[in-house]
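First, one chain by itself: the form predicted on its own, in structure tokens.
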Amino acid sequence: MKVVVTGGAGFIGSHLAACLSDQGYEVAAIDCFHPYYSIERKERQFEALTGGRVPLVRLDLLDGERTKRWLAEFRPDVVYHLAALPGVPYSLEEPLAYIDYDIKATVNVLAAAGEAGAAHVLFASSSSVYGDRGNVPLREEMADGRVVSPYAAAKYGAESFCHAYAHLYGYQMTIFRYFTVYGPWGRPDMAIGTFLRRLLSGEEIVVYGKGTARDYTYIDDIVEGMIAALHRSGGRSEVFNLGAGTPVTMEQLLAELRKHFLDMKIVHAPERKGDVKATWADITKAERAFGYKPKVAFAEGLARTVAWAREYER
């Protein structure tokens, strides 16, 4: 089976491409190496995880014609579309960039996948599409478009295009809503990545707001769920939460970090615009559809991430 992973040099994309390759799929990765964060870091993580086993194509998905030509030539059976501009804070500064990279580029991929004859397209969305619901389990049907950041609006809009193009071309569509993915090579702009870099440098960490909680999900569990969904039955367009199913409060995160950094210093700051108070995935639907069941407890996942950071983030 031939598989394309867009955003293949990113955090989740690199892990996914490596795992698919290890399982015997013929994989190709696409990435435009947007400078949202270090291009050199993306190159390092892709090489470290894939070991040169996966070809990597530098392609800007905003170039619709080139995207269409490349997919037509490769003729994938499956397209995992992970390429996007991430991050809530930056979306407040550059909202139009998110219309380009998270909506226009998605439309180009959806159309190109259809023209190339792909049978299944799997799209990376986000728990941010639920808006600020408070600390309650979030079910897939609860997303109603009342989001609180341009990033979330772009993801919600892209989901609508996914449904439209699945109808137009007849391929199977799977939409994943990720809940705060972390682990080795995690995005450096997210809380755990930022905390670890500062702690390893002996600096204080900044905590925004009070009473927050996140459904932190270890990267291996996310990738396992994404691959399991390849073989789900039904053939319809469906949306699935991929999370741990257990929210972790900021106080719990800090307590776990203190086990590894005894002299940790914390500075508190006001909450940031666009941030939600809590996320909590109801994963019942994914469990029933393709047996999704997270295995890595937060304390274990964080310990693995700290061990990785001590080796690679210095």
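Throughout, we count residues from 1 along the sequence that is shown. For clarity, every value in this text was computed on a predicted model and none was experimentally measured.
The form predicted in complex with a small molecule exists for this protein as well; it is not shown, and the discussion that follows is about that form.
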Quiz item: For residue 143, is any heavy atom within 4.5 Å of the small molecule in the predicted bound form, or not?
Solution: no
Self-check item: is_contact(residue 91, the small molecule) in the predicted bound form, heavy atom dist at most 4.5 Å
Solution: no
Quiz item: Does the small molecule get within 4.5 angstroms of any non-hydrogen atom of residue 37 in the predicted bound form?
Solution: yes
Quiz item: Applying a 4.5 Å heavy atom distance criterion, does residue 59 contact the small molecule in the predicted bound form?
Solution: yes
Practice problem: Please state whether all three residues 9, 42 and 151 have a non-hydrogen atom within 4.5 angstroms of the small molecule in the predicted bound form. | Solution: yes
Quiz item: Hey, of 231 to 239, 151 to 159, 114 to 122, 196 to 204, which bit sits against the small molecule in the predicted bound form at 4.5 Å between non-hydrogen atoms?
Solution: 151 to 159
Quiz item: Taking the small molecule in the predicted bound form as the reference, which of 187, 163, 139, 133 has a non-hydrogen atom within 4.5 Å?
Solution: 187
Quiz prompt | Residue (of 244, 78, 147, 105) lying close to the small molecule in the predicted bound form, criterion heavy atoms within 4.5 Å | solution = 105
